[in-house]
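Presented below, as structure tokens, is a lone chain in the form predicted on its own.
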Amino acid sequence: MIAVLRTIAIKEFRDGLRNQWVIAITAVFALLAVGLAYFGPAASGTVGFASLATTIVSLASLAVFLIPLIALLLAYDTVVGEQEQGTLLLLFSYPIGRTELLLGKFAGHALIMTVATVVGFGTAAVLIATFTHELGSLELWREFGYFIVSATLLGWVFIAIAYVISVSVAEKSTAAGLALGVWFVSVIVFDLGLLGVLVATRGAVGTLGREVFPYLLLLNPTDVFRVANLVGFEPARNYAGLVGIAAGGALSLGALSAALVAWVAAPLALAVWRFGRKEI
């Protein structure tokens, strides 16, 4: 089984190289990080490389918009695309199980996101740290390292969600529409809804904020990612905004990391289950 998974994963990764997905995503991440670091201070009338700490804060805020969208676009047609092209039946003519096929494809897409995130953000981090003379700051490197790991996990989450969509529909156009809908709800609507609840409950805001609100954020992987990059990172807390309530200690870094892993595992398990019952 491991050999089959490895073969499928390598094939998916090579397809990503051939289609230039890997290069494109890596370039976007690197340019985003360098651009934020250099032009971030423009609002104050100056340009130049900002500190690595400031860059992490800015990237954590913008990555929640970009990474889910890229991951969904990368994987939304994984199964339904093969089915429309008629290649899914051909794949099943080989001694490959449905679970092996789906997990192998996931490993390949996850590898694409991992390489792009590590190389893109990592290269930018080295460049920024060089110009800001922060190469020797172990604390900042630890924080940026965690940002890269959590950003990678966020990409895996939405790849898994894209798989659920792909095995649940019969047309690529439907899958594309649902993928964009998931992105819109996760990135924009969910936080607006929570903000509306906070405003509507006025008198109960204190209780809701302290006891309930932090755990509601766990229902949205983008908020889990954002909070995870604020907890224990003092410079970021001034820019926490809506998620600042949860950054005060209600959710530990370990719990948030575990939540991201759970957000990868649950949709992937659901996709495997649905694919096993899908009529081809």
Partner chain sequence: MTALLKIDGLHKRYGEVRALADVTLDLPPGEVWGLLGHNGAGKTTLMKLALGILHPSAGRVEILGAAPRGRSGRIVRRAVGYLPEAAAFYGELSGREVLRYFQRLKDADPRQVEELLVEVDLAAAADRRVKTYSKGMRQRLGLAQALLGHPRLLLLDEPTVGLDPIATQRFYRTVRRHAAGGATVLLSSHVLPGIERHVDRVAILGGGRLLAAGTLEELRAAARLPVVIRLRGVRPGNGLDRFADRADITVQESAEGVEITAPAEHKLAVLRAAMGLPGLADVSVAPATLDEIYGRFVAAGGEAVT
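Numbering follows the first chain given and starts at 1. The structure presented is a predicted model; accordingly, all values stated were derived computationally and were not measured.
Beyond what is shown, the protein has a form predicted in complex with the partner chain; the following relates to that form.
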If you check in the model of the complex, is residue 173 within 4.5 Å of the partner chain, heavy atoms only? no
In the model of the complex, residue 130 touching the partner chain (heavy atom, 4.5 Å): no
Using heavy atoms and a 4.5 Å limit, would one call residue 82 a contact residue for the partner chain in the model of the complex? yes
Would you check, heavy atoms only and a 4.5 Å threshold, whether residue 191 touches the partner chain in the model of the complex? no
Quick one: find which of 67 to 75, 118 to 126, 83 to 91, 177 to 185 has residues within 4.5 Å of the partner chain in the model of the complex by heavy atom distance. 83 to 91
Whether 15, 18 and 95 all lie within 4.5 angstroms of the partner chain in the model of the complex by heavy atom: yes
Partner contacts for 5 to 21, taking the partner chain in the model of the complex and a 4.5 Å heavy atom cut-off: 7, 8, 11, 15, 18
